[in-house]
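Just one chain is shown here, as structure tokens, and it is the form predicted on its own.
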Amino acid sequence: MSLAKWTVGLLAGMSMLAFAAPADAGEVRVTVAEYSAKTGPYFEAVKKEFEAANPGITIKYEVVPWDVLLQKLTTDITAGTNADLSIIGTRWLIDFVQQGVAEPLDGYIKPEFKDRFIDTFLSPSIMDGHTYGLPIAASARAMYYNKELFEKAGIAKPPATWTELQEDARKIKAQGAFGFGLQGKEIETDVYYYYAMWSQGTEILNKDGTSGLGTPGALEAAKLYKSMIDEGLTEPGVTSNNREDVQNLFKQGKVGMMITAPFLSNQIKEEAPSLKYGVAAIPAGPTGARGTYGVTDSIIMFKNSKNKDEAWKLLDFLFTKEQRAKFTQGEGFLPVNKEEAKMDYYVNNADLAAFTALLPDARFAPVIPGWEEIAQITSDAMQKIYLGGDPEAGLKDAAAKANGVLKK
């Protein structure tokens, strides 16, 4: 759904915000984004533990798949039936704030509570000096590589540059596997392109606030991916594969290299425990530039909640060290809690250490109105290029469309 349509729908429903769905006294309703098969059971365990410690407060969860979450929230807000709390993509937060949907949490946050958080992950939810969300999940991206395929292909170490990655992909292809897994549809298709774009020294937005898609670096990145597709260095049918599809190919030992999040490590341990793999930095470009994608999801309180104090008690509970450790370790995310980050699980985890080392180079989605629409424009352009379209013409058109959104 385009953010323009979402905003229109949200504005149409603003008059209904004062009439939230009837809530029982002491009942806190929460819309939960589904990260994995572990998400629902974790929150059910929270419900039992929290309710036992807080007589008179009941928790009601609804677990929703990510690909329909924004649509559901839009529908619920318009109808005035939204929950008290919801997990959202932090990149959506600016629109919720501008439309007056999100409740500022400053009145609840005490200094000792704020000090629980690693600033890198809390800061994306702070706008105009007010905290509107708390980082329920945090992640970055790095490159996974198959050690057995590397060994068979005579590759001694993971590639440091995209040129080396191409050379390694050719060697892996010669062994009958796919050299580089390239995502071509659905969520984060644009992000997979940014990895190459950032390595060219190009940013999503230029310093003057216009789209970076029309720059020489953006074109070089698109040409890089298209050349790898044309040479058969990726899996076939790139535009038919979303992130999970490429991850599955990697877990099956069919892909030599791919870029994704820490949660793949947990999946490998459970689904492909015999797979020998490593985690390395995303390759650098010709000048040494590189970048990873830093991601946070936030949990927010809606302004029309009838049980804000009870909802805050649940938030306070969710962000204790013990609860954060259960959730983060179960889902395979990075710690957002300072004390949690000191636990042996993180300190001695080589995979997570590789991701943490990349955080200084992390870029977060721009906090601008219309970001989801711009991301979709980018994804659409890349799909056309991956299917054989001209990179220069495709990016020129995409830059013009993105700039049109930016000027609104």
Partner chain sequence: MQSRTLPYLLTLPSLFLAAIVIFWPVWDLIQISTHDVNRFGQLREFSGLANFTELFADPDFIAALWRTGLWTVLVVGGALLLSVPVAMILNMDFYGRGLARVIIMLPWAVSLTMTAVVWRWALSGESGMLNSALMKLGLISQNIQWLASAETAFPMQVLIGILVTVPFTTTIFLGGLSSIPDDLYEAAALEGATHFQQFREITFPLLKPFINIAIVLNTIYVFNSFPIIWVMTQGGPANSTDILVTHLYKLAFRIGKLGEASAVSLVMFAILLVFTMIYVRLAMREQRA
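On a predicted model such as this, the values are computed, not experimentally measured, just so you know. Numbering follows the first chain given and starts at 1.
Just so you know, the form predicted together with the partner chain exists too; it's not on screen, but the next bit is about it.
- Looking at 345-353, 49-57, 26-34, 372-380, the stretch with residues near the partner chain in the predicted bound form, meaning non-hydrogen atoms within 4.5 angstroms, turns out to be 372-380.
- The partner chain is not drawn, but in the predicted bound form it has no heavy atom within 4.5 Å of V63.
- Although the partner is absent here, T78 sits close enough that one of its heavy atoms falls within 4.5 Å of the partner chain in the predicted bound form.
- V68 belongs to the set of residues with a heavy atom inside 4.5 Å of the partner chain in the predicted bound form.
- Contact between E331 and the partner chain in the predicted bound form is not found at the 4.5 Å heavy atom cutoff.
- Within 4.5 Å of the partner chain in the predicted bound form, a heavy atom is found for every one of Q99, N242 and L249.
- For the residues E203, D95, D316, E220, the 4.5 Å heavy atom test against the partner chain in the predicted bound form is passed only by D95.
- Proximity to the partner chain in the predicted bound form, taken as a non-hydrogen atom within 4.5 angstroms, holds for one residue of Y192, F121, Y145, F178, which is F178.
- In the predicted bound form, just one residue of 201-236 lies within 4.5 Å of the partner chain by at least one heavy atom: P236.
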